[in-house]
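Quick setup: one chain, the form predicted on its own, written in structure tokens, and binding and motion questions come after.
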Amino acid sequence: MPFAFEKNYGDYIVAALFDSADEPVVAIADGRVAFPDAGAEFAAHPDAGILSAAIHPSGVGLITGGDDGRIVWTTKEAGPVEISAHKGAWLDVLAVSEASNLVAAGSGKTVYLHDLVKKDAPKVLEHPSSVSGLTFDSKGRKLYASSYGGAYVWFARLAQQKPSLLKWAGSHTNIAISPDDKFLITAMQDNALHGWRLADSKDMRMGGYPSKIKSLDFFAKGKLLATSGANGAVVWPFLKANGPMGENASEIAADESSLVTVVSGASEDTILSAGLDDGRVWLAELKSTAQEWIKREKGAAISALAMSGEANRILIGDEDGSVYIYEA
């Protein structure tokens, strides 16, 4: 199937995202940020690598964290602009809040919390163990950090504080919050998810995965959570007050010859895409159970995947640097 766009950028694709105008933007491991629609590329982190990326809270351009300790905002109009620099830091986790104009970037046990409106010195949030993932609630009032032993909870605007801890033994490697702020989910080192109902901190363990879970995405108005880590995309229901408690997950398009590496769903609909470790990508409509291969050719593992807000374009990136845009 021909793609609307296809190009090899020569290095690992760290992130492939759509901005608020549904324009694609790509973060490349060698420090570049590319805008495929505009045919533009910028050296956001010269002589360094990009480790993490997120769309800027304004919805325009890309925020990136690098192994040079720099947080950079790149737009296709202005190119790269440094937000801050933290000597010796490897900024491998990143989260932004559109509601509060905050950017959080983590390196090891330290998280730097930046207010893009005040532009004052960042808050420094210290943790007992390395931080593996960050996410804000929908209003940008709280910041959640996954780490060893659970998830730490910070008030984003409070100057002096000690975080609370949602406890669960083990190493938590990624984190996501439901759009209604009712459930917090982490991926764990032992091939499982763990969750908390935030109203009362009640625990839930969601296991049965054959491999590590690297990708989590709420979609369908927050009613469904898709994850990687299995032969198909694993989808958990959040349809009731108790979320997935007592519910079973569904595995979509399972293929024993491959593993799903990354998932991306439509924010408003039951449309889901998944990239595999053999380079293939499929698209499914869960209500009708229709599925199609939008990239059937095998190749490098898919490392980045995004669906546009209108759910009519899919942006794909792989470990060898190839980027594709599929248009429905």
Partner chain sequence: MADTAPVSQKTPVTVLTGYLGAGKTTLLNRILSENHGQKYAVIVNEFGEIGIDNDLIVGADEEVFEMNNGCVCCTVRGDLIRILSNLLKRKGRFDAIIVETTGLADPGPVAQTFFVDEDVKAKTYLDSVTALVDAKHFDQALAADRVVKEQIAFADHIILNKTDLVDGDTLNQIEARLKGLNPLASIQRAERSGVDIQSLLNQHRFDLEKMDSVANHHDHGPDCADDCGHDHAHDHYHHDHGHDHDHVHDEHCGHDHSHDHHNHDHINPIHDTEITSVSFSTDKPINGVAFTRWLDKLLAEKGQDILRAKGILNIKDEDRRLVFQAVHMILEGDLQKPWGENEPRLSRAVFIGRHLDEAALRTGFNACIEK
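Since we're looking at a predicted model, the values are computed, not measured. Residue numbers count along the first chain shown, from 1.
Below, we refer to the form predicted in complex with the partner chain, which is not included among the displayed structures.
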Have a look at 57, 49, 279, 36 for me and say which one sits with a heavy atom within 4.5 Å of the partner chain in the model of the complex. 49
Go through 226, 188, 176, 111 and name the one with a heavy atom inside 4.5 Å of the partner chain in the model of the complex. 188
Within 4.5 Å of the partner chain in the model of the complex, do 8, 71 and 318 each have at least one heavy atom? no
Heavy atoms within 4.5 Å of the partner chain in the model of the complex: which stretch in 123-131, 216-224, 235-243, 75-83 meets that? 123-131
I'd like to know if residue 256 sits close to the partner chain in the model of the complex, meaning any non-hydrogen atom pair within 4.5 angstroms. yes
Is the gap between residue 117 and the partner chain in the model of the complex 4.5 Å or less for some heavy atom pair? no
Flag residue 170 as yes or no: does it have a non-hydrogen atom within 4.5 angstroms of any non-hydrogen atom of the partner chain in the model of the complex? yes
At 4.5 Å between heavy atoms, is residue 12 in contact with the partner chain in the model of the complex? yes
Looking at the partner chain in the model of the complex, which residues in 65-82 have at least one heavy atom within 4.5 Å of it? 67
